[in-house]
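Listed next as structure tokens: two forms of one protein chain, kept apart as structure 1 and structure 2.
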Structure 1
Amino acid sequence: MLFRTLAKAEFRKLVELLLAANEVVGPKRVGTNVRGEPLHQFLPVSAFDELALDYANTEFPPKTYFLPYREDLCSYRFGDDDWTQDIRYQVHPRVIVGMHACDINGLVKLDKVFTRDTFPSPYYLSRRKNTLIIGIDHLPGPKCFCRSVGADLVERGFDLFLSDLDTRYFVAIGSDRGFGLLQRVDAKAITDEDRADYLALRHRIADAFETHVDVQNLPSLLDIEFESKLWKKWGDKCLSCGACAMVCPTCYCYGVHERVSIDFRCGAKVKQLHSCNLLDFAMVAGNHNFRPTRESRLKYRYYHQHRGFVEAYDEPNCVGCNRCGHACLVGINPPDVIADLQAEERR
């Protein structure tokens, strides 16, 4: 991987060049919560000053720009003797500025699912290939545990990744596209001082993590505790609202349904994100539900995140952002659930 340094004035110039020719999306402050803390969301920006690059986290992940909550896969219209179908992929270029390492790692995990050789998703691919990603380091929040799952560092899935060294950015170049972009501004070769400052920043970020989750041998632990009474304890709290999946940067389950006009002349095939915590997720014909209880649905969400995905891709699906715990109205969060299971095993 190549590295450069970029003065902050040069980075501003770079973003302004991108704004002149592309749709640019970045973290914007949209309000405050009940505790007076700022709320941020990834939204289109029209000027550099709209970017809040010092944000702690966003309520929703930038995943929504690659996997929309709802999208038309195709539309169709019936004539007297024939029918026509219209399928469109989003192909216009887009730039996302300010993604944190955990969210970029979330995209890398989605890449494994949607860009694989067998049946890749053209909808996801078209957005992924036409999106330039500029990431940025940050100090972790008190509930973040991305270091525990190896998502605090990013090695791929981005074009440029910035680390703030006060007067300048230390820039990791992750693609040919990112390298070409830096040729448009005055990027400098790194020096020994730059290396020392960068390593000091990395140590400061690592030491700032307050939440730690022991995921060693977690897949085996989940198998051992499959029938644990703890699932009922946490399941009884669960509201089955699906908020955890809606804010998760890696949840990708979805359903497809047909929307047909009342005169049967036209319609559309619609894809919509789903949640394994919702009551009808495992419902099949004949009204049989394979996961009728809240505890079974909650349990299988954890099994997919920390057991099934590991078996398929050799890594957990969770990136440790803890958005699910923040969004949960009853306080269910991975660190507490996993710690409970580990305590149960020790008992």
Structure 2
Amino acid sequence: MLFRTLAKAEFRKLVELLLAANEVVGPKRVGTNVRGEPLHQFLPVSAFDELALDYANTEFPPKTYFLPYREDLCSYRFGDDDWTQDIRYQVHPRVIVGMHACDINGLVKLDKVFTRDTFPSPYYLSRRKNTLIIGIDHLPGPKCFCRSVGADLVERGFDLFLSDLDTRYFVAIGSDRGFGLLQRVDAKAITDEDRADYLALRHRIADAFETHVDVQNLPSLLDIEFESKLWKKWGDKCLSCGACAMVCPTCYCYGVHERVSIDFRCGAKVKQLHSCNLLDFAMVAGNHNFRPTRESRLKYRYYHQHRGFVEAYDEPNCVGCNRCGHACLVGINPPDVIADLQAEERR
């Protein structure tokens, strides 16, 4: 990996160049929650000062720019007894500024599913290739556990990644596109001092984690504890609302349905994100439901992320952002659920 440093004014200049040329999306303050804390969302911005780069976390992940909640897979025009199918992928380029390491790692996991595995998805790939990503480091919040799942550092999946060294940014260059971008501003070669400051920051971030989750043994533990009463305990609380999957940067399950216009002239095949906690996730014709209980559905969210996904890709499908725990109205969150499972093992 190549590194540079960038004075803060130069970074501003870079973003302003991008703003003048392309759509730029970044963390924007959108309000305050009931506790008076600021709320942020990844939204299009029109000026550099709209970017709140010191945001703690966003309620929704930037995943939506790659896996939108709803998208048309194709459209249909109907004639008499016949139809034509039209397929389009978005090619409209976009810049996302201010993604945290966990969210970039979330994309790297989605890349494995949607671009490297069987049947690569042109919809996802097109969005991925047409999005330039400038990430940024941050000090973890009290509930972040990305370090426990190896998602606190980024090695790939971005174009530029900034670490704030007070007077300047330390910039990791993740692609030739990012390298080219830096040539438009005054980026400097790194010095020994930059390197030392950057490493000191890394240690400061690593030491700041307050939440630790032990996931190493989960693939086998989840098999052993498959019938555990714990699932009923947590499942009984669950409202089956599906919020956890909607806010998760790595959840990708979906459903497909079709739509016709009122005059029957056109239609579309529509993909819409789904959640394994929703009642009909595994329901088939004749009203048979493979997962009729809340407990079994909740269990499978963990079973997929820490067992199935590990089986397929040798890593869990969780980046430790705790958005799901934060969104859950009844307090179901990975650190507590996993700690409960681990305690069960030790009993």
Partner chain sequence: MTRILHGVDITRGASFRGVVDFNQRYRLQHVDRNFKSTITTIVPLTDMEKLFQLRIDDDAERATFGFLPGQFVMLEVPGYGEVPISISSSPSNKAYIELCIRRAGTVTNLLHRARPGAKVGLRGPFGTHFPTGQMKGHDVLLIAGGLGLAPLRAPIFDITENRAAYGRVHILYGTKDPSQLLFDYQYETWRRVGGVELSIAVEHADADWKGEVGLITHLLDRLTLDADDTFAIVCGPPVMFKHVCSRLSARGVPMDRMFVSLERRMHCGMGKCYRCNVGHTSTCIDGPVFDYWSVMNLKESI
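Whichever C-alpha set is largest while still superposing within 1.5 Å between the two forms counts as the rigid core. Numbering for residues begins at 1 and runs along the sequence of structure 1. These numbers come from a predicted model, not from an experiment.
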**Prompt:** Of these two, which one is the form predicted in complex with its partner chain?
**Reply:** 2
**Item:** residue 265: Cα shift of 2 Å or greater between structures 1 and 2 (core-aligned)
**Value:** yes
